[in-house]
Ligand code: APR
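For reference, the chain that follows is the form predicted on its own, supplied as structure tokens.
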């Protein structure tokens, strides 16, 4: 348990994240901050009133300012506008870049030693904004993308094979968007290569569904986007940090030459522990996967150029 975790944004993703953090008792205090007056306070109070029922002692506080967030060990940034039907993640770029910039400036002042977990979209570029504005080292700025994409990929495979999700081992790399790279060569079911259990056309359909997983949910909801799985992904990363679990998770990390890429956030296998990013693991990829990862990196680089800080 750490002393304080802040969740920026009290919308569906932020509020669900705060509740999950509290129920897992990852911190003594969870602070939920949002610009909307009354929303974080009301949701925070509601969550705290669930504590006697759920059996957690983590105090949940809602606020509109950053004073209460001071000295946070971890800050999870979910702030920004949500996707609407027909809107790509990149359509959110300019609006959310401004929001994440303002948030990052506040965090730099009040919690200069925090580890950041970015959830706001377009995720890889928002990680870049947060890192540039705060000046934090790469170990303390991570993006929740691959964890979510991998969860979607695993859930679809489990559904298709009618097996437990717990037995699906998989990893999705690359940018958090249409060019993400599910690693078929590393996808197994209790150690059995998935290609032995499923024909390639079915697997290709699952890969395609994974790439469009967020859009599929947006299409159903019409007025919002996913929040249960994204919040679960962010909290899995926070738990790995708090409990120093040394988990190998696919996260958006700032690359310094790994996988042939430099000066970019991209989803790669990361060892996540108490110091945040503790290691980027370079694994062997097939020629097809390596080419797809390079293409994905280029898709992240393009919108990065459009961001003015």
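Numbering follows the first chain given and starts at 1. Every value quoted in this text rests on a predicted model; they were computed, and no experiment measured them.
As for the form predicted in complex with the named molecule, it is not shown, yet the points below apply to it.
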{"property": "Proximity to the named molecule in the predicted complex (heavy atom, within 4.5 Å), stretch among 132-140, 119-127, 191-199, 160-168", "result": "119-127"}
{"property": "The named molecule: the contacting residue among 179, 225, 110, 236 in the predicted complex [heavy atom, 4.5 Å]", "result": "225"}
{"property": "Contact flag, residue 214 vs the named molecule in the predicted complex, heavy atom cut 4.5 Å", "result": "no"}
{"property": "Non-hydrogen atom contact residue 102 with the named molecule in the predicted complex at 4.5 angstroms", "result": "yes"}
{"property": "Touches the named molecule in the predicted complex: residue 33 (any heavy atom, 4.5 Å)", "result": "yes"}
{"property": "4.5 Å heavy atom contact, residue 92 and the named molecule in the predicted complex", "result": "yes"}
{"property": "The named molecule in the predicted complex reached by all of 11, 14 and 78, non-hydrogen atom within 4.5 Å", "result": "yes"}
